[in-house]
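We begin with a single chain expressed as structure tokens, specifically the form predicted on its own.
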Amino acid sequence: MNPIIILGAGHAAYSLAREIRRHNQDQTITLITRDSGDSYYKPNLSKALASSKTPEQLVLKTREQQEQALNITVLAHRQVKSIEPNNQVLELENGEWLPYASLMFATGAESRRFEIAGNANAEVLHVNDLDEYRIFTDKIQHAQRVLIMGAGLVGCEFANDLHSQGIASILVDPAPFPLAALLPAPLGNALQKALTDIGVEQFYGCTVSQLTATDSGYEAQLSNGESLDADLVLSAAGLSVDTTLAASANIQCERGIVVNAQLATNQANIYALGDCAEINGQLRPYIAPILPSVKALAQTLLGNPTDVVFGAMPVSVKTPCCPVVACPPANTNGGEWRIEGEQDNLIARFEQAGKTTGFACTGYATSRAKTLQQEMA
């Protein structure tokens, strides 16, 4: 029996293996991953400093423990060189060919990288996996000021987490306020004030245009003409999907690997889920969409074709200075935000045709998140 092969060993990959195993004890399952195969919860990377956890303590199960618990094979530190969909085989870098019954892309997304003028572009840090987090935690041992490029979810969480260790941070983002992709302006402004109150410097409406290494750290020139000094520079400018392998196998790709409601690509018996999948024209990042995806895909793989259905999926932002829960609308045509509350305890409902199609809340008002989610049902 040819195996189900899953590319990746992140939350989506292991969750899918676990869901398949719940229904079928005999199907051979193989995971192939470029890293160690140890499992960890990626959202914990941007809050681990406050919890005083080392990179090793973030590991939930080692590769060997996952193999034993799920009765699977994990090929760690392996790279897939090519895929031949017509023959249902893939080739590893070492020239080994592996047949598959079904092939799953659960390869996630990578840190978006930009070319920045100056001599220090290659020294910008990224934290999108445990290995990069190890480098980051080693570097910050002697840092007092960290420049963070990007004031989205990850950038804001790292700023708050660094504050917990007495390390100053600077946020730079081209948007007018933090979390601009998730929040309406009044709630973004509330978060901005809370970050300011804990000492986070913030520069909006601009980008880092030049980065130069100095004897004491780095000098950053901003597009608005200002100059900043920092000991380290961290990029939190979002994620992008590496579609190189998929595209080379004639799998349709756009912003991600294009799949239908059953997470199937245009090539037979090849699927994608998680951050790398573009589902009916939408990328669905974050953790919440993974659960319905693995439940539906496991059923499809076991002979019961099942569409994945996404309900309202709020995103929790781990900024203790001003907690945030956001569930932005799928589109903003013909609707508007309605805001209530005071100070940084705000609730925003996005209303379209008399219905709540999105919401966000900050501060103590995040206790209302479940009620707001029910309003969208």
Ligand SMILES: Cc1cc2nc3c(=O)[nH]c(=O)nc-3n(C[C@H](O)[C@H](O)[C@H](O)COP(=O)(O)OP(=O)(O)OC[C@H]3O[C@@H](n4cnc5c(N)ncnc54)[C@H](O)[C@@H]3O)c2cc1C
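Worth saying up front: this structure is predicted, and the values here are computed from it rather than measured. Numbering starts at 1 and follows the sequence shown.
The protein also exists as the form predicted in complex with the named molecule; that form is not presented, and the subsequent description refers to it.
Contact with the named molecule in the predicted bound form, judged as any non-hydrogen atom within 4.5 angstroms, is confined among 271-279, 143-151, 301-309, 221-229 to 271-279. Site annotation in the predicted bound form: the residue of 327, 321, 45, 29 reaching within 4.5 Å of the named molecule with a heavy atom is 45. Distance criterion of 4.5 Å from any heavy atom to the named molecule in the predicted bound form singles out 285 from the list 118, 85, 285, 174. Among heavy atoms of residue 128, some come within 4.5 Å of the named molecule in the predicted bound form. The named molecule is not drawn, but in the predicted bound form it has no heavy atom within 4.5 Å of residue 16.
Heavy atoms of residue 61 never reach within 4.5 Å of the named molecule in the predicted bound form, leaving it off the interface.
Proximity of residue 35 to the named molecule in the predicted bound form falls within the 4.5 Å heavy atom cutoff. Residues of 179-217 include none with a non-hydrogen atom no more than 4.5 angstroms from the named molecule in the predicted bound form.
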